[in-house]
Structure formats: structure tokens, C-alpha cells
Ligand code: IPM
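First comes one chain, alone, set out as C-alpha cells in the form predicted on its own.
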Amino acid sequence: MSKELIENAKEKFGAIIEGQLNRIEEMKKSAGWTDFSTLKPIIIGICWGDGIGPIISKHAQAVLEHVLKDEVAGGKVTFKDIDGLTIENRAQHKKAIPDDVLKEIKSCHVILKGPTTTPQAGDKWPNIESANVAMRRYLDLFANVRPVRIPKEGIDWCFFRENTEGAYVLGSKGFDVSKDLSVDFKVITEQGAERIIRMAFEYAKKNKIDRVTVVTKSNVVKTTDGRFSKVAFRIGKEYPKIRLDEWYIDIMTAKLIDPARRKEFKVMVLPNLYGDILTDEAAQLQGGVGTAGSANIGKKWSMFEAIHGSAPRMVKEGRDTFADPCSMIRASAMLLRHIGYSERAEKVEMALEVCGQYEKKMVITGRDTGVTGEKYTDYVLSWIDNPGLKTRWEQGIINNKSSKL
């Protein structure tokens, strides 16, 4: 019996290794980056998702359509609605992303994606893979970029989380060896680690940032995390003006809430699972996971999303109209910057900070104790159009810093 179990496990493990070796060959052959300046039109796909996804996606799309109205009118930008990422449709097809939906997604250049429900053990849905994980793999969106800014605290972080490797990419490939033994897998490749780490260093160089921090647990997880660490220090030698340091994930979670140390960190690069944990913690410091956006960058396609889930409980309780759209709106600002509209992206980000951190004339709570997402979006839009936006934003930083003295 034991020998049969081992042989079955060997066969399954062999298939996993074969798939990863093939993936490495594909990475070696990858093409160059998309040049958005040559595209007409730039096609922005709106994937509604499920739960609160359709509602907050609609609000974020309203912001994009507002700031890009001239480009839409001139045929430079167009929007494409993409249905089919609901949990019901995915469960019916027993696929994380049904084939027809994936075809529509690939017909776009960038995607704004609403939250999607991921089945978990014990619920009513079949055990299909996360739509997020699948989309990152199908489109090779290897870099998850999450900025967190709290100007009044002197915090300006940018996290580069590897998207296509680590513990998540093989999360659905684990198996029960026997009734007593379950095994999951973690994978780090030289090519996968290099491209995310190099992107972090290039970002630091471009923005005149003098420090990059790599986050691992390489003192214990010596093989996979050890490879990630070694690649970081190898690449770091190519950037002599940028200091590279390594922190372990456990102490790093503590240092992010240490007022004496946290503002020293600037750019952080880390494997998938650690990045998921640390960016949620960072978003909470900014005001909650509802306030943070996320970019998933690949050479050909890119996808932008909220960092929180689909909140089916809010829908069930009839509170979905009160869902916070700020994370999706921040994601739309990141999308704007990615396709070449940095100044408009900055206006959106400043408006969010004025509304959420400084003026606070409206508050969104997720319940009828606050305003609806639609009203809050209108509030943000009113500041985007306000000629005094930058002045009010700068005053907010100064006043909030003074209050801490």
C-alpha cells in the first residue's frame, strides 16, 4: 500500500515539475513590452466580477470615463464590458476563467477587474482555482505592484509582489498522498525571481529611490526563498547607488507598525504569499483594504484591481450599494499611469486623499451610517475637477503633520 501511494505521488509530482520546466522555457522566449503610445484605440476591458464587484467597478469606470472623456471622444481609448467572471458562470464551466471569457480578456490591452469569489473548502462551489491566480498565469502578469502612501506619516511605500510563482501558483496542484498526509508545493525560478526583482530596482532607479528591501524567510525556507534572496543580491550589484537589504517576513510585519522605523522603508520586493500578507497589513495602515489598489503587470497585458474580496455578505444583507469604491478607484489611477496618463492619475490620487484623509465631508462605512459608493464617487469627482486640488492636498499634508507634533 505504501509503495503504491509513493508511486502515485511521484507521478503527480513529475507532472508538476514538467509543467514548471516548460514555463521556464516560455519565460526565456517572452517578447518585449507593449508600447501604449502606438495603440489606437487602447482597449480597456472592464471585468465586473461578482459580489460587490459590479457596483464598485461601475464607480471606477465612471472616474476613468470622466478623466479620459476627450480620448474616448477622439477614438484613442475605448471601453469593453466583459461579463462571465461570476462565481456562478465559473462554477458552471468548472473553470477559473471560462474559455470565451479569457478570449475577450485577451482582446483588450489592459483590464480593470472587480473582485471575484474564490471557492473554499466546505462551501457549495466546486474546487476551482482563484480567477485572480488563473488570470495572472494565463496573461503572465508576473508583477503585482501595490503602492501605499500616508503623507501625514511620511510613509511612501511601493511593494513588488511576485505573482506567478511562490506558494499560490501551485495552490490547486497539491494533493492528499493518503488519508493522513497532504502536500502542497512552492516554486521559485531563476527567471521568475529575476524579472520581478529587476522591476523593483528599475522603479527605484527611475524614481531616485536609494533603497530596496527584499523580504523572505530564507533562513528557514532555504531552497526557494534562498534562491529569491540570492537573485536579489546578484541583481543588486548592477545598481551600486541603491542599497539592498533583506528582512524576514515575520519581523517585517512588526516593523511596518513600528512608528520609529516604518518610514525608512521605500521599495519592497517579495514572493507571492509574503506579498499578500504584507500589502494587506500596509493597506490597513493607510485606512483599510478598501483604500488600496493593485496593479498586475505583464509585458503584453496588465490588470488592475481592488485588493479586497467580493464581500458576498454585503450583497446578502443588501448593503452592496454602500461598498467602498476607493480601492477600485485607486486601481483605475494606476491603470491611467500605466497607459501614459500620469498627470490625470495623480489628480485622482490627490482627490482620494483629500476626500478620505483631510476634508472628510463624506464618510463611507459599508452601511447606511455612511454614504453610498455612488455619492462618494461623485465627491471624489468634484475634487478632481477642482482647480484648487493640489493646494488643498498640500495643505492637508502640512496640517496633519502639524497635528502630530
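Start at 1 with the first residue shown and count on from there. Everything numeric here is computed off the predicted structure, so don't read it as measured data.
Omitted here: the form predicted together with ligand IPM. The next part is about that form.
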Which pick from D276, E104, D320, D140 sits with a heavy atom within 4.5 Å of ligand IPM in the model of the complex?
D276
None of N132, T216, T164, S327 but one has a heavy atom within 4.5 Å of ligand IPM in the model of the complex; the exception is N132
So in the model of the complex, does any heavy atom of V289 sit within 4.5 Å of ligand IPM?
no
Would you classify F201 as touching ligand IPM in the model of the complex, given a 4.5 Å non-hydrogen atom cut-off?
no
I'd like to check something about W301: if you look in the model of the complex, is any of its heavy atoms closer than or equal to 4.5 Å to a heavy atom of ligand IPM?
no
Hey, in the model of the complex, is C108 touching ligand IPM, heavy atoms inside 4.5 Å?
no
One stretch from 73-81, 152-160, 304-312, 234-242 that, in the model of the complex, holds residues within 4.5 Å of ligand IPM by heavy atom
304-312
Do all of T118, R136 and Y168 end up near ligand IPM in the model of the complex, with near meaning a heavy atom within 4.5 Å?
yes
